[in-house]
Each structure stands twice: as C-alpha cells, then as structure tokens.
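One chain comes next, on its own, written out as structure tokens in the form predicted alone.
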Amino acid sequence: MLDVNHVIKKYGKNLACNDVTFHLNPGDTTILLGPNGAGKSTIMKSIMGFLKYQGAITVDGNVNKSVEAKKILGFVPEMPALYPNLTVSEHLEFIARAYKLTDYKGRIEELLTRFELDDKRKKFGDELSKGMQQKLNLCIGLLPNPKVLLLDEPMIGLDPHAIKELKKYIEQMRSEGKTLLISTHIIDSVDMLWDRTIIMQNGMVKANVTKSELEGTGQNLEDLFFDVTEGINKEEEA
C-alpha cells in the first residue's frame, strides 16, 4: 500500500534521511520511533510530497505526488496549521469541499462530538487553546477518511479523553483495513496499537520488526527501542 524506496533527503550538508526503505501492508498500523532528530518528520513530509528528495515513494502503486495518491493519502501534522479567521465548523467545511466529499455532515458531527469540540464550533482557530487546536487538527485529518493516514506525534497536547478516543479511532481504522503510520517518541502511548515498528536513528532505519517477531524474542517495544538506539550510541562511543 505504501512503498518508500531508497529515500535520501539533505538539508545543506545535513543528511536527514539516508537511504530509507520500507513497505507498509494494507490494514497495518506501523509505529515510527526514534529520538529527536532521527529523521521521522522528514520522511513523513517526504511521503506527503512536501519536500524534494531522492528516491521513490508510491501509494497504492501511484507516485505519492500524483492526484491519485493524494486522494487516498491523509496527514495529521505535529503542529496544527489552522486559519485564524475560520471557525471550527468552517475549517471542516473547507476540507470537505476541498476533497469534494459527499454526505459528510454526519461525519463532521461525529468527530466534533468524539473530540469534545461540538460546543466550540463557532470559535475561531486562534481562539482555541493548544489542546483544542490539536483536536481540530485531528478532525481535519480524519474527515476525508483516507485509506493511508500519517500521524506525526498525534497525542502531544491531548487530554486523557481525547487520547482514549484517538486510540479507539485507530483501532476502528485498523479494523476497516486502513494503513496507518504513526510517528512518535512517546513509546507507552502506542504500545498496544501497532502491527509493525520502524526505528530510525541518524536518518537511517535501524530496525523494522513486526509485533509477532518481537514477541518471539521476549522483548517489549521499549526494550527494543533502547536496545537499538542506545546500543548504537555505545558502539559509536567505543
């Protein structure tokens, strides 16, 4: 469903992504882990077509920057990018029209209720608290109901109710066969929500493991993460 092949991204002399390659199957939820500066956000933005890069990325066989790919590819960025002069309702109406959605009113109501924004629908983007902005950010990304969804640190700034609802929504999308890539560095927030984990460090993929493969080793996700990242650091120091 999502293929990332030998992607290289440089910022000047800094190599942010170094030959990154992985494949995500339909219906799988993949957790993208790594310390700060590992290249997680860069590869997410490359997949979305926001950055220039070397290599190839396809979504369901279509080049990621094509119209066909963008129709089925969704993104929830780490930092909400809201319009200060649009209300909560107007943000969602704008997205619905941009994606040419039909019969979307009920879905908007469901999302607003689920993330406790139903009483904020007339608030402007710049009137919302940071937590409320993040909830609206989620609603905007979820509204088109994409087949492939990328979420970059989606739980930062959310209150416990919203985190619970987002986890339930992720489970729902998994059951519907959606492909999800969730970037985070808060391991315990996603410990039960994954089928595959990809661990990055220094712009490279250092581990690509399924949940069943990890269970066979007797490790948990946190053990694997520190084994990979701190083990690399110790080798470099030696």
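Each residue number is its position in the shown sequence, starting from 1. The shown structure was predicted, so the numbers you read here are calculated from the model rather than taken from an experiment.
Although not depicted, the form predicted in complex with a small molecule is the subject of the following passage.
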property	result
Stretch in contact in the predicted bound form with the small molecule, which is absent here, among 34-42, 189-197, 165-173, 64-72 (heavy atoms within 4.5 Å)	34-42
Touches the small molecule in the predicted bound form: Phe226 (any heavy atom, 4.5 Å)	no
Exercise: Ala16 in contact with the small molecule in the predicted bound form, heavy atom 4.5 Å	yes
